[in-house]
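Here's a solo chain for you in structure tokens, the form predicted on its own.
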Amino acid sequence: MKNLILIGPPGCGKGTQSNILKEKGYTHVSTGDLLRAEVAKGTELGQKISKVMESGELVTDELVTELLKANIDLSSKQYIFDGFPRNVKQAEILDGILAGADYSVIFFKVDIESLVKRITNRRVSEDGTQIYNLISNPPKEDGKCDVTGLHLIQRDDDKEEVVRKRMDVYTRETEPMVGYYRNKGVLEEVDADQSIENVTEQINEVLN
């Protein structure tokens, strides 16, 4: 199996497909989880990271690089990288970490306006256990969860202003990686506007 790097805008389905891929034996690399785990272990690296996080600053690329090198074993595992890299500079850093390892990049191609519409129409039950979409999966009774009977709410990060800001950051920072990886000959595209099952099928074709 090849290592995989997943890129695409927020809400395009990378997390869902990562969970499906883990069932095939992949190890999912979440830099956020690694950061928290390293801090909890109290290592020298964890203490450096903790100081940065406590100050409210972003963890530097150099620290993330050190973190990845300390926590991945390319000789015995195949990884899914989702959330890192976020820009071309980080892609170059990951190239160095993956030197000699086989990998493919899967680009989740999606219409941004359709994605914004999908995310901003998402609603969750007040206890956070049930998720609806006012367009594709509406509740039977407007504003009320079918399962719990609780009110449905829109999370702050699903509001249109916030969603559009996230999309702007993606377009500015992350989308240039598509050209970077295409030039390296490792980019594969999937149509992420399709159903979950269809996207899974497309990814399986890439992997075979």
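Everything numeric here is computed off the predicted structure, so don't read it as measured data. One rule holds for the numbers: they count along the sequence shown, beginning at 1. For clarity, a rigid core is taken as the largest C-alpha set superposing within 1.5 Å between two forms.
The next section is about a form of this same protein that is not shown, the form predicted together with a small molecule.
Contact annotation: the small molecule lies within 4.5 Å of heavy atoms from the stretch 86 to 94 in the model of the complex, the single such stretch among 102 to 110, 131 to 139, 115 to 123, 86 to 94. By the criterion of a heavy atom within 4.5 Å, R36 is counted among the residues contacting the small molecule in the model of the complex. Interface residue remark: E160 is not counted as part of the site for the small molecule in the model of the complex, having no heavy atom within 4.5 Å.
Under a 4.5 angstroms non-hydrogen atom cutoff, the small molecule in the model of the complex lacks K48 among its neighbouring residues.
At a distance threshold of 4.5 angstroms between non-hydrogen atoms, L152 is out of contact with the small molecule in the model of the complex. Contact with the small molecule in the model of the complex, judged by any heavy atom within 4.5 Å, is made by just one of L58, A40, A70, V147: L58. Annotation for P176: C-alpha shift under 2 angstroms between this form and the one not shown, rigid core superposed.
Between V59 and K165, the Cα distance is smaller in the model of the complex than in this structure, by no less than 3 angstroms.
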